[in-house]
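Take a look at this single chain, the form predicted on its own, given in structure tokens.
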Amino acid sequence: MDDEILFVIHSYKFTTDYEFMNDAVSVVGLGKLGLGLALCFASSGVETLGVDVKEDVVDAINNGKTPIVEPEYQELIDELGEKFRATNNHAEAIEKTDITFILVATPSIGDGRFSNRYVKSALKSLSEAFGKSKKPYHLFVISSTVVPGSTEKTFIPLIEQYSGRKYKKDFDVCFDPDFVALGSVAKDFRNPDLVIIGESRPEAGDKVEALHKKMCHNQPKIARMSLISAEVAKVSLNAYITMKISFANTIANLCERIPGTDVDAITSAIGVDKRISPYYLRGGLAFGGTCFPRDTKAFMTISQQYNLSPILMESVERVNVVQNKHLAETVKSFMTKEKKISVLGVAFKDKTPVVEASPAVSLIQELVIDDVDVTIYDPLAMESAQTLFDDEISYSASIEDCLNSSPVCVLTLMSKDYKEAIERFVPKEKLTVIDCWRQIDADKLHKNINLLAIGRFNDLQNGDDQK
């Protein structure tokens, strides 16, 4: 008993000075982003425990297999071996680590806000374990995107309720949102432009900052602020990016109507101006995926909550809808009497199977409604496409098979593999390729291929049969 009392007193001295018992962290939520965060911490030498309620996810990781299709995940699991493991026991996160990151899904609900139910569920289990633990202190870090105010109004009271512990005495909370993109999650976690840390007090933020500095391969800007400022900053950044995308798409649509213009020449030039920057300033397809459409709608809802009219973001959302319609109309205008269209790429971007809010999915839906015979190819997203469309469309076994299936092919993804396959393809019949990102070199194409570049004035738009 004396040893146990001494241990508790000794540990409490450390935690009041913010010198933790160890540097171990736990990451709750081993989905598309959470697994990446856990693997990046572990690969940087941080003792890391992964936590997820899904047994199949935990079993896959402990058997050396990634449950998520994402670049680098399997390589990192192979490299780490037994140094990284997962559990579905939240109590282990409390007992074996001092800092717990929660990065679980916060899906949109009907009015555009984020649902906190998975964050609350995770915190309830963690808090109950913390209440039963003899350890004197724990740091909780919320990384999921949430409605501003959630941490102070909902999460902190919840931890106090289920743990019986006192905020800023027995535990602290930080809000540390991710700024990563599917298809490059591990790379983005280790090479961020920005790290935002909302902190309950500076000592807690210091610990989170130290972990990022250990994980990062670069030296990002680290911005420390209040909890609610960090929550607003997360949603604001994504909303601003969607505004840039919509503006670039507006330029692209204009360039399609003005002979001699080139959207890429324009955006690459104006993007040099430090007031603009070139990132996400590339005209093409509507934005999609799990974050951008959701965060745009959430920003509008949050604005309305505080009696501010979200005029700008409403326009961004309208432009995005128009961009999807514009693609469908363009594709239909080049459809032959056969009513056959092939689509290369179904996911919302390259190197991911995610099809949520994908412009390609929107296009396919429009074509199916018009009884068009659609054939697709996207090896990562094929299963998701089959779930969505079943036997309404056809599925190719290769890029070449997809190109051979119809007289018109739409390339929706920025992909070196697709680009090179099209440039070396020899069609038996005339083939029109609609390049949504202007990545194909027309000079490398077979004479039977007509190229239409979205966002660029093109002879094909005037009815010529030229590249």
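What you see is a predicted model; the values in this text were computed from it and never measured. All residue numbers are counted from 1 along the displayed sequence.
Keep in mind that the form predicted in complex with a small molecule is not shown, yet the notes after this line are about it.
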Taking the shortest heavy atom distance, is Ala105 within 4.5 Å of the small molecule in the predicted bound form? yes
With the partner left out of view, is Phe84 within 4.5 angstroms of the small molecule in the predicted bound form by any non-hydrogen atom? no
Heavy atoms within 4.5 Å of the small molecule in the predicted bound form: does Val180 have any? yes
Report yes if any heavy atom of His138 sits within 4.5 Å of a heavy atom of the small molecule in the predicted bound form; otherwise report no. no
Identify, from the list Cys291, Ile341, Leu344, Met313, the residue with a heavy atom within 4.5 Å of the small molecule in the predicted bound form. Cys291
The unique member of Ser236, Ser121, Thr154, Gln305 whose heavy atoms fall within 4.5 Å of the small molecule in the predicted bound form: Ser121
Heavy atoms within 4.5 Å of the small molecule in the predicted bound form: which of the stretches 330-338, 205-213, 252-260, 291-299 has them? 291-299
Is the small molecule in the predicted bound form close enough to Pro353, Leu411 and Ser415 that every residue in that trio has a heavy atom within 4.5 angstroms of it? no
